[in-house]
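As structure tokens, one chain now follows by itself in the form predicted alone.
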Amino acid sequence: MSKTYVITGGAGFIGSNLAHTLAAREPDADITIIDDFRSGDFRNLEGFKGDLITADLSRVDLTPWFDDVKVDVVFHLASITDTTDHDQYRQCHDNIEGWRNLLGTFTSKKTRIVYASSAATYGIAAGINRVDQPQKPANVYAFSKVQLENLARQWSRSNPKQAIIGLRFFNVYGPRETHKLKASSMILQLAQQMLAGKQPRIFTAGEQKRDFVYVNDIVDFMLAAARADITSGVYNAGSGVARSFNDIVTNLNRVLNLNLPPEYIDNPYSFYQPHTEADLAETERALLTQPAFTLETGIDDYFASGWLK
């Protein structure tokens, strides 16, 4: 029997990749996207044949669409994704109230909900990030994601038979992120500098490390959460490996057939994270999946897709 899915933020980077993957794997599925296009782009949905509700999730009444519809899974990706947007009211209102509205719409139904949290909730502490460590958000975007997790826990207590699963995304990169401009991954930004004939600019020494995770792996994490035999919880979604910015430059030179050395610049940020790395032990145990892409194979696939430009 075909399933019914809802993807909030489906015109955005990760949401559009999820929509296309779902459509390819389940061609008979009924897929509805909700997006207000603040963080999305219509070009990401080229070829998409499902329904589109164009609305601000924090302000729309979803009842007319879903009151009498059996939805199997909601994937919640809608968010203000620009971490440099420090308007506290806008970040908190739109991210938190949109989430509250969505939860209210599907209360007491059998719909499973998979939602995007963020590794930013860990704050600037360096090292391996485990889901049970204290959360110390360093900006209002991360703070809003902590509140999503808090609401999810409260909602789960009131709806114990309904699964709600959060994924803390690490540094995601891949096709369909071009529209994000300065909020796009450093892999795309450095590639664009190099394709323009410029030296890639990274902070001095270039050995700061991040958990860079390819978007195809993030999609697989979400689909695994949609079918896992678990009720509720929060899990890391990363590659499980920390790689340096020098590694990125080396691999971009390789796939772009260039030989541009980095231009090292001083790091002006006292709160900069020198190292992030997802501990995936709980993720692999609960979701029965693990990343398929290394940094090398992820950049290879990104280049082959034609979106690394």
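What you see is a predicted model, and the numbers here were worked out from it, not measured in a lab. Residues carry their position along the shown sequence, with the first being 1.
Absent from the display: the form predicted together with a small molecule. The rest refers to it.
Notebook entry, point to check: With the partner left out of view, is His275 within 4.5 angstroms of the small molecule in the model of the complex by any non-hydrogen atom?
Noted result: Output for His275 is no: heavy atoms all beyond 4.5 Å of the small molecule.
Note to self: Since only the chain is shown here, I'm wondering whether Ser58 would be in contact with the small molecule in the model of the complex (any heavy atom pair within 4.5 Å).
What the structure shows: Result yes; Ser58 sits at the interface with the small molecule in the model of the complex.
Item checked: Contact label in the model of the complex: Lys180 to the small molecule, heavy atom within 4.5 Å -> Contact check for Lys180: yes, within 4.5 Å of the small molecule in the model of the complex.
Notebook entry, point to check: Does at least one non-hydrogen atom of Ala78 fall within 4.5 angstroms of the small molecule in the model of the complex?
Noted result: Yes, contact at 4.5 Å.
Notebook entry, point to check: Of the residues Tyr235, Tyr214, Phe170, Tyr122, which one places a heavy atom within 4.5 Å of the small molecule in the model of the complex?
Noted result: Here the answer is residue option Phe170.
Item checked: Heavy atom within 4.5 Å of the small molecule in the model of the complex - the one residue of Asn129, Ser239, Ser118, Thr111 that qualifies -> Contact residue from the list: Ser118.
Note to self: I need the one stretch from 36-44, 278-286, 258-266, 243-251 whose residues put non-hydrogen atoms within 4.5 angstroms of the small molecule in the model of the complex.
What the structure shows: Heavy-atom contact with the partner occurs in 36-44.
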